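Form predicted alone, single chain, as structure tokens, below.
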């Protein structure tokens, strides 16, 4: 009985030590949580731009950034036919990734102009270009897309707003085929988005650029069976790639404002030009067939 108070004191000391250890462990967990919270993720990805996306924000006609634009005369550039640069007006977020977009056969930049402010308002510098002639073939259009990106990053009035390591290409019809050519010629490109593309070359095993191809179920000029589908199937199987076939659409659907094209183009460009994994949720799992989507294919989850 004389030892009971002593044992009680020892028990209290052991309990006290356990609580102290628990407090230390809790503090360590809190510290770890702090280090891996949103602030740390933002630091891990300095290219992330804009607020967290939602379904409605990427379907909206305009994103969070106010947009300005500059007309570029064909007389002031080399290698392509001039165009219009759309860019976020504010410089508060630093530099942005950039995208050059080519029109199709016989077409002018006006045919793809809707993409300029729509993409720029989501946090990109966008260059919708005219080609040297309206009859230029995909190989030439690919060269012109690269010339436009070089102008953007080296000579344009907004060059200081652009991160030259974060570039992509888009294009419609022969311009879409040109975007594949540009990605083949410049593997450092971060993203390519061909829109109902046309090209005589059907396989693209050389591509190293994450590529999203849009086809149209009613396309009679570049039918998906002989263009978009073989292009997609010809990409390396290990490449981050996707194919979305638009439902009740034609070859010219990309020439007018289209929410489905915008939604998935924005997500693809954000995911691969900005390395912004917040947009992965809109790409993976693959979009299901709907009133606007006939089918989709791709490799999920994405690896780069």
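Positions refer to the first chain, counted from 1. Since this is a predicted model, take the numbers as computed values, not measurements.
Another form exists, predicted together with ligand 9J3; not displayed. Remarks below refer to it.
Undergrad: Can you tell me which of 102-110, 81-89, 153-161, 230-238 lies within 4.5 Å of ligand 9J3 in the predicted complex, counting heavy atoms only?
TA: Contact criterion met by 102-110 only.
Undergrad: Taking ligand 9J3 as it sits in the predicted complex, is residue 263 in contact with it (heavy atom to heavy atom, 4.5 Å or less)?
TA: Residue 263: no contact with ligand 9J3 in the predicted complex.
Undergrad: Please determine whether residue 192 contacts ligand 9J3 in the predicted complex, using a 4.5 Å cut-off between heavy atoms.
TA: Heavy-atom contact with ligand 9J3 at 4.5 Å: absent for residue 192.
Undergrad: Though only this chain appears here, would residue 198 touch ligand 9J3 in the predicted complex if you measure heavy atom gaps against 4.5 Å?
TA: Yes, residue 198 lies within 4.5 Å of ligand 9J3 in the predicted complex.
Undergrad: When the contact criterion is heavy atoms within 4.5 Å, does residue 251 count as touching ligand 9J3 in the predicted complex?
TA: Output for residue 251 is yes: heavy atoms within 4.5 Å of ligand 9J3.
Undergrad: Would you mind picking the one in 128, 173, 211, 122 that has a heavy atom within 4.5 Å of ligand 9J3 in the predicted complex?
TA: Comparing distances to ligand 9J3 in the predicted complex, the residue within 4.5 Å is 173.
Undergrad: Just to make sure I understand: among 206-237, which residues lie within 4.5 Å of ligand 9J3 in the predicted complex, judging by heavy atoms?
TA: Only 221 sits within 4.5 Å of the partner.
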